[in-house]
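Taking the form predicted on its own, here's one chain by itself in structure tokens.
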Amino acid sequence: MDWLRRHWHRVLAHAAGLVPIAILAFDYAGGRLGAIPERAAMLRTGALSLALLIAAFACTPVASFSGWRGAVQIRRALGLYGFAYAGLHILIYAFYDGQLDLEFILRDLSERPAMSVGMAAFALLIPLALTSTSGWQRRLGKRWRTLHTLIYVAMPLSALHFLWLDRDILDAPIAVAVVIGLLLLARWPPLRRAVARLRRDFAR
């Protein structure tokens, strides 16, 4: 129980990544994904990817503003789960929509901005996922932080991908864009310094 009290946030982070895929597999096997289950699975994995990536992106501001370092400890897990769901999202698209037809997929990417933007966001996430370990952080040194600023481009592109996909129903994509915008703003150095000063004043 002592271990669980100290690591409850890690348990929740892994549950957030693993439970949805178990539910998705259960729903797919049980025929509960509607008339076109592959499309439902593609949409659900895309939504899960975006939610987990946003959660990972929020970890640094949460730690900075609240002083709770546990948020930083689960950032990598949330980000990797988000990346894995994004990869699964693309695989389902390639098998179901694209029929593994490379010519069709490339034409789709060129003709549909939402697809090309989404693929660009995923491409930016690849080096971040590959270098997310402590070992890579040590090997790259200061360059690791520079490389991981790619997330500042990948997240807005992900929001744009979602926005362009749901042209008729814009409430959710706009809400996602606003959240990502606020999380980017939370990283603005003057704002972070102001919050740090407030925290110090309250701690006195």
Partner chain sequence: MSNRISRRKVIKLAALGGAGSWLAAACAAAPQTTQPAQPPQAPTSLPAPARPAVDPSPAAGAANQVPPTPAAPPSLTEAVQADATGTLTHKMADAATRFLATLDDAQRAKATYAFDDAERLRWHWTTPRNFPRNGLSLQEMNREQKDAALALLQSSLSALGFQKSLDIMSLQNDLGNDPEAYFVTVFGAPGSNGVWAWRWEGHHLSRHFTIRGDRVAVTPFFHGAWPTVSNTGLRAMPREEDAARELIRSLVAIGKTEAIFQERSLTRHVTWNSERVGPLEPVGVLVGDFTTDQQALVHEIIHAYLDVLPEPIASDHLTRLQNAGFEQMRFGWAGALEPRRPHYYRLQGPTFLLEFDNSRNGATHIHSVWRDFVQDFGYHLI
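Positions refer to the first chain, counted from 1. The model shown is predicted, which means the values in this text are computed figures rather than measured ones.
Below, we refer to the form predicted in complex with its partner chain, which is not included among the displayed structures.
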Checklist entry - Though its partner chain is not shown, can you say which of 29, 178, 153, 36 has a heavy atom within 4.5 Å of it in the model of the complex? => result 36
Next on the checklist: Is residue 58 part of the interface with its partner chain in the model of the complex - any heavy atom within 4.5 Å?
Outcome noted: no
Next on the checklist: Does any part of residue 76 reach within 4.5 Å of its partner chain in the model of the complex? Heavy atoms only, please.
Outcome noted: no
Next on the checklist: Taking its partner chain as it sits in the model of the complex, is residue 63 near enough to touch it, meaning that at least one heavy atom pair lies within 4.5 angstroms?
Outcome noted: no
Item to check | Close approach of residue 140 to its partner chain in the model of the complex, 4.5 Å, heavy atom | outcome: no
Item to check | Candidate spot 44, 96 and 162, all three touching its partner chain in the model of the complex (heavy atom, 4.5 Å) | outcome: yes
Next on the checklist: Do any residues of 93-112 have a non-hydrogen atom within 4.5 angstroms of its partner chain in the model of the complex? If so, which ones, in sequence order?
Outcome noted: 96, 97, 99, 101, 103, 104, 107, 108, 111, 112
